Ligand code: GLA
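First, one chain by itself in C-alpha cells, the form predicted alone.
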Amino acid sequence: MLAKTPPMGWNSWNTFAQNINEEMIMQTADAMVETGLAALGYEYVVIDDCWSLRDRGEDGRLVADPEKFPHGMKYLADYVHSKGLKFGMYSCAGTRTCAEYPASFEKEMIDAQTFADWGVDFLKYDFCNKPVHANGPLCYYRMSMALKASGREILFSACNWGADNVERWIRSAGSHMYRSTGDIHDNFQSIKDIALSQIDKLGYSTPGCFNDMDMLVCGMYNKGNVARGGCDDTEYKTHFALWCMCASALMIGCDVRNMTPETAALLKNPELIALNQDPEARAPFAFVRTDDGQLALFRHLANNEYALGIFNLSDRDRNIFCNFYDVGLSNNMGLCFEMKDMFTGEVVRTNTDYYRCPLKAHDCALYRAKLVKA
C-alpha cells in the first residue's frame, strides 16, 4: 500500500519553476542523501511543470526538453533510483499545463504509460486549463485508472486546489495525496491562511490518501519562484510544525543544496517527523481557535500518546489558555499531561485542567504528551 503515512520528498517548483535541468535534479538527489534528508524519509525527487517540449512527438508521446534534459527522463530516473530515492514528474488534467505545456486531458493512457516506461514513481497532477464543461472529478478518476493500467506502481498526487469539494471524493478516485488549497507563497500570511482553511477538513485525510497543504517554503528566505516577502526562522518553525501536526504531505521546496543550518535542523527534526509519520495517522482537532489568531490542536498518537500544538498566528505576543476539558480530560479524573517539548526536549507537567502557554508573535509550541497521575 502506498502512502501508509504522509508522503515526503522534494519538489522543484517553489524555488526553480521553469529553470530546471538534468544537472540540478541530479545534484538535488545527491544532496538529499548527503544531508541525511533521504534517511529520514524524504524519498521523492519531483520535477514540476516546464520539463517538456511545447508539442508532443510524432508518436503522440510527451517529449522531454533536450536542452534541459539531454539524456532523457529514463536516464534521470535511473540516476535518482541509484541514490535509493524515488522519481516524480508532473502533468495536468487540462489541455495544457499551468505553464501551457502539453497536458494529459484525453491523453491519460499514453501519458501514464510513458511515465511508467521512464521509471516514474510519483505523478503530480495539476488542474489548469481544464475545459469548462469537462467533469473535474472524472479527470482524476481517468488518470488514476491509467496509472494502474501502466503496470508500474506510481503514487498519484492530485492537485486540484480544493475544487469540487475534493476531500469528499478523492480517496475513492485512487489518489494517494490531494491538494485542497491554493498555491503557497513564501510569507507568513500565506502559511496562516492555508493552515486555517484546512482545520475543518483534516478529518478526511487517512492512510492511503493524505491531505497536501502544498509544498513547504521553509528555508526559502524570499528567494525563488514563490518569493513574496519571505519569513524568518520562527515563522518557518511554525509552518513546519503546522504541516507535521496536520499530517500533511511534506514536500520540501527550498534548494536543499544550499540550506542554512537552521533550515536543515528544522526539516530534519526527528520528533516532528515522527509526529507527521505517526503510524495511526489520526487527524488533529482544534480545541482553541479565535478570530485573533490563537490556535491549539490536539491529536491522538500511537502507543497511547498525544500531540499538543499551540500556535500564536497573531502579530503580537500572547498567553494562550488551553482548557483540557475540551480535549476530554476532566478535572475530577485525577490525571494530567506529562509533555515533552518537541523542539527543546524539555519535559513539563501540566495542571489537571489547563495549560497556559506564553508565545511570541508567529511562534508555536509543540509537545508529545502522555497521561500520568496528578
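This structure is a prediction, so every number in the text was calculated from the model and none was measured. Start at 1 with the first residue shown and count on from there.
Below, we refer to the form predicted together with alpha-D-galactopyranose, which is not included among the displayed structures.
Although the partner is absent from this view, D255 stays clear of alpha-D-galactopyranose in the predicted bound form, with no non-hydrogen atom inside 4.5 angstroms. Contact annotation: D49 falls within 4.5 Å of alpha-D-galactopyranose in the predicted bound form, judged by heavy atom distances. Not displayed here, alpha-D-galactopyranose is approached by D126 to within 4.5 Å at the level of heavy atoms in the predicted bound form.
At the 4.5 Å threshold, heavy atoms of A77 stay clear of alpha-D-galactopyranose in the predicted bound form, well away from it. The partner is absent here, but in the predicted bound form a heavy atom of Y90, alone among Y90, F240, F156, F210, sits within 4.5 Å of alpha-D-galactopyranose. Residue in contact with alpha-D-galactopyranose in the predicted bound form (any heavy atom within 4.5 Å), chosen from W169, Y141, F287, W161: W161. Contact check at 4.5 Å (heavy atoms) against alpha-D-galactopyranose in the predicted bound form: all three of C98, R179 and D183 pass. From the list 90-98, 273-281, 230-238, 132-140, the contact stretch for alpha-D-galactopyranose in the predicted bound form under a 4.5 Å heavy atom rule is 90-98. Contact annotation for 1-21: a single residue, W13, has a non-hydrogen atom within 4.5 angstroms of alpha-D-galactopyranose in the predicted bound form.
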